[in-house]
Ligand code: AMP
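Listed next as structure tokens is one chain, alone, in the form predicted on its own.
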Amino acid sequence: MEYLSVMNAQKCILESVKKLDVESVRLERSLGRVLAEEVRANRDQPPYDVSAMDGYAVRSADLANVSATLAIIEDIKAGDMPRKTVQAGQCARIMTGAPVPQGADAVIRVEDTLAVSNNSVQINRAVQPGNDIRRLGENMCKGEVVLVAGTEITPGVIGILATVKRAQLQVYRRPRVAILSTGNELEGLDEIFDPYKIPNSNSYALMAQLQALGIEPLLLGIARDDPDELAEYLQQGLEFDVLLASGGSSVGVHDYVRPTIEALGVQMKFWRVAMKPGHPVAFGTTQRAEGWLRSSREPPGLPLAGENATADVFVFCLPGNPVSSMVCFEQFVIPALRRMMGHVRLYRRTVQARLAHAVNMRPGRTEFIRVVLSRDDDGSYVATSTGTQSSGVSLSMAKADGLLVVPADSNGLAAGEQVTVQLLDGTVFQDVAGFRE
């Protein structure tokens, strides 16, 4: 089978996945979710003209001659309603957020005034009508759509939802994800130390990558290189929305993942991608009956479907090398999961940087080089390799700020060349991959 390019593999995956169903969550638990409904304002906000500053509510006409001494007729605090109308030669002492009284058309800041007595104040500057006043409905008007379906719920959006008193929200469900590692050589985290075994780091690195997306996965453990045992573990994983299986997807005589997973009814869309590291990555789909018996370890409160309903299951076979597994997760799993959760921006953010040193490579595969980023004197990013780029050196990933993307047609990069770096940290995503192949 011909190797797909990275972008064609991404396209294949995204053509297969779709947004999940909708569930209701409390506002306090909604951060990072995606709205599945539009939200309208339930009142004018502010509900009246309010002062934007601590100061005095005045008639701008009284300050036409710049200097004026005005009589203070009342104090208005936030939460109070004015009792008097401001007449010529008068003003009202007013606090930020308090309603502007009738007759006043501007607010003068307290810093621009001089107290004459408890009942009068001298003002030495002119103001225009509307100065330091927040108008009725300036933030939102009753019935106005303030948030559309598809909006990612950020701290700022939480503030809007609280403003319109939406305690319960309709959002797209997060996918249920299972992680399985495979191989006789692996040593579990809680198993007795064996210096000749390889620690099962992949399960936990993938777990953390999922947690960074707001998803709490189930770790199925380690399936040994036995077709029957592997089939049992894979069958458990196929009860979830997404199964991530690392290791065993190469072409060795003891790599049983491919024949076993195909025997379980998974239709593989591709095996192998023209990339480095991570070319032995695969993706497939199947369906499960929605009347499945849920594990007691699974998150509670999920909606039950009818007995005859089916749901899509997506399977990612990731390489066993730790770096390859994490890089493939970044390129293929993240965009798929974010689409399932209703996001529009699916890909990690990219930045432009100057390469600190030459990079030698042969064309044919898109290469992802682990780099650290610094700033030069003019504030531009500088990308420097973390060192050896072996896919088994997980420290290179732990040190990295991002992945320098070398296009597949490149014969290498020169020191000082402008390059594209895909960031590994942060919560900002973008709507395109941000690099070329």
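Note that residue numbering follows the sequence shown and begins at 1. Being a predicted model, the structure only gives us computed values, none of them experimental.
Below, we refer to the form predicted in complex with adenosine monophosphate, which is not included among the displayed structures.
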**Q.** Site check 182, 198 and 246: each within 4.5 Å of adenosine monophosphate in the model of the complex by heavy atom
**A.** yes
Q: Heavy atom within 4.5 Å of adenosine monophosphate in the model of the complex: which of 152, 255, 367, 241 fits that? Just give me the one.
A: 255
Q. Exactly one of 215, 218, 186, 346 has a non-hydrogen atom within 4.5 Å of adenosine monophosphate in the model of the complex; which residue is it?
A. 186
Q | Heavy atom of residue 278 within 4.5 Å of adenosine monophosphate in the model of the complex | A | no
Q. In the model of the complex, does residue 90 have a heavy atom within 4.5 Å of adenosine monophosphate?
A. no
Q. Taking heavy atoms only, is residue 131 within 4.5 angstroms of adenosine monophosphate in the model of the complex?
A. no
Q. Is residue 321 a contact residue for adenosine monophosphate in the model of the complex, using a 4.5 Å heavy atom cut-off?
A. yes
Q. So which stretch, 312 to 320, 123 to 131, 76 to 84, 103 to 111, is the one near adenosine monophosphate in the model of the complex (non-hydrogen atoms, 4.5 Å)?
A. 312 to 320
